[in-house]
Structure formats: structure tokens, C-alpha cells
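Okay, here we've got a single chain as C-alpha cells, the form predicted alone, with questions on binding and movement later.
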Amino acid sequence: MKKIYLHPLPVRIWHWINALGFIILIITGAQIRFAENMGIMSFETAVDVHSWLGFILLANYFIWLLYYLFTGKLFKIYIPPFWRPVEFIKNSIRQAKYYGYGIMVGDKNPHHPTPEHKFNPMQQISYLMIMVLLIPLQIITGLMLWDPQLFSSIISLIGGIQIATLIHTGLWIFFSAFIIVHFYLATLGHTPMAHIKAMFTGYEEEHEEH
């Protein structure tokens, strides 16, 4: 068994702040949306917690962005090699087959992560879309709903506060589902806790082939 230092400390801190923050945002978001049907906390408390936590995760997002920009890892880790389309498509199909079938019959994961090539092709596509498109969109629509007057010009530009609410709620549903899928995939290491443990220690364990 060899160990690979895959998750540097700043990434682990960012990850767990994000994970905890998103879970609380989803719960408080549900409390705000279904105020008459949920009794976890008052509507006012849910709005306050949701707003404050939203700003904390906004700061956390920029910490992530600055870290990956200044270390030069954003391009290496998150950008799929579109300039090698045939190789990328083949690797994506191979990874999809593993997730869809191979994993159930004991096949080995075709992707072997390294610090410079951490994500498989499917992870690269999904994480790039989430970090560069969906999270910023959730932040922007969240700011619109937080202070509609301050962001009135942007709200008008996208077609009104109903559109901002629809996008924000739609992404709330997406991120709720994503966390469940993300947690499931995190249990697919050589032991159910292997990947989760690695997000605390930084080290992924990988069987050495002989």
C-alpha cells in the first residue's frame, strides 16, 4: 500500500468549511422556502443564518479561487484536456463504464490520481462546471435575493426577481442531490472510509501493483 499526498491542507480546510456550510445552507434554505411546513427554526433565524453563511462561503470560494490561481493548479487539475479530444473521450467512456458497471463486478478504477492529475475525466467536467459556473451563479442569485434593491439592475437584466428565485431554488435542488451523490462516491474507495479519511489526513492510499 502506498500513500499519495493528494489533498494539501488549504484544500482540506476549504473542503470541510464548504461541506458543512452547504449542508446548513440547504437546511436553512428549506426552512425559508417551506416556512409553514418546517419547524426547525424561526423564519427570521433561518434568513439570518442563511445570509451570514452565504457570505462566509462567498469568502471561502474566493480563497479556493486564489489558491488554485496562485499555485497554478487550476489549469492542471480542473481543466479537461480538450486539446486531446480523442484521448479525453476514450478516458471518459472508460470511466463511465467503470461507474456504471465495472465497480459492481470488482473492476479496478481506471483512474490513478496524482497531485497534478487528481480528477478523472468525469470529475474534471463536473467539478469545472460546478466551480466555474454553478457556484458563482448561486452566489449571484443569492445576493440578488439578499438585497433586491441593491442588485435591481442585474435583476432587471435577467428578467425579474422570479427568475432569480427560480435559478437559486433550482440550484438548491441540484446541490442537495449533488451532496448525496458526492457522499456515495466518496465511499467507493478500497474501504468505505478511505476517501473520507484522506480528506482529513491529505493522504490517499493506493494498492501497489506487482
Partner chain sequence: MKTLQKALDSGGSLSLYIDGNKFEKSVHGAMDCSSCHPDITLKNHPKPKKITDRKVYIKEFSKNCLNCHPQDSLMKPKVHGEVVKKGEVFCSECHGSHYITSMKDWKKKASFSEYCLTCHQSNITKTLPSKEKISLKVNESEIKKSVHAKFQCLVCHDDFSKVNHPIYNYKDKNQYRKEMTRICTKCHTDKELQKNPAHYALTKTTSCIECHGYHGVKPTKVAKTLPENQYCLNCHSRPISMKMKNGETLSVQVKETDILNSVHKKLKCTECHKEFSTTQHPVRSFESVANYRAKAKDVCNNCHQDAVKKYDISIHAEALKKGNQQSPDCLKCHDYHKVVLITKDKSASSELCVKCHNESGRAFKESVHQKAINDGKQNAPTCASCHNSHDVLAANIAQLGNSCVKCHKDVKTSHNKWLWNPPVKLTTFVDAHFNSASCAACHTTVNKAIYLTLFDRAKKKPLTESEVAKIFGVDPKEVKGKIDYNNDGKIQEQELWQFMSSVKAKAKANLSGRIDVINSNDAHKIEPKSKAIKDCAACHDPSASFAAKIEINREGGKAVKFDLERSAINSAYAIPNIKDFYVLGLTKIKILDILFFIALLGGVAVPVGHLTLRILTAPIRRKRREGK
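This is a predicted model, so every value here is computed, not measured. Numbering follows the first chain given and starts at 1.
Absent from the display: the form predicted in complex with the partner chain. The rest refers to it.
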request  = Using heavy atoms only and a 4.5 Å cut-off, determine which of 17, 188, 199, 24 is in contact with the partner chain in the predicted bound form.
outcome  = 188
ask   = If we take heavy atoms and a 4.5 Å cut-off, which stretch out of 68-76, 84-92, 106-114, 121-129 is in contact with the partner chain in the predicted bound form?
value = 106-114
query = Judged by heavy atoms and a 4.5 Å cut-off, are 146, 162 and 177 together in contact with the partner chain in the predicted bound form?
reply = yes
ask   = Is residue 62 close enough to touch the partner chain in the predicted bound form, meaning at least one heavy atom pair within 4.5 Å?
value = no
query = Counting only non-hydrogen atoms and a 4.5 angstroms cut-off, does residue 32 reach the partner chain in the predicted bound form?
reply = yes
key: 4.5 Å heavy atom contact, residue 40 to the partner chain in the predicted bound form   = no
task = Give a yes or no for residue 166: in the predicted bound form, does one of its heavy atoms lie within 4.5 Å of a heavy atom belonging to the partner chain?
result = yes
note = When the partner chain is considered in the predicted bound form, the residues of 43-79 having a heavy atom within 4.5 Å of it are 43, 44, 47, 48, 51, 52, 55
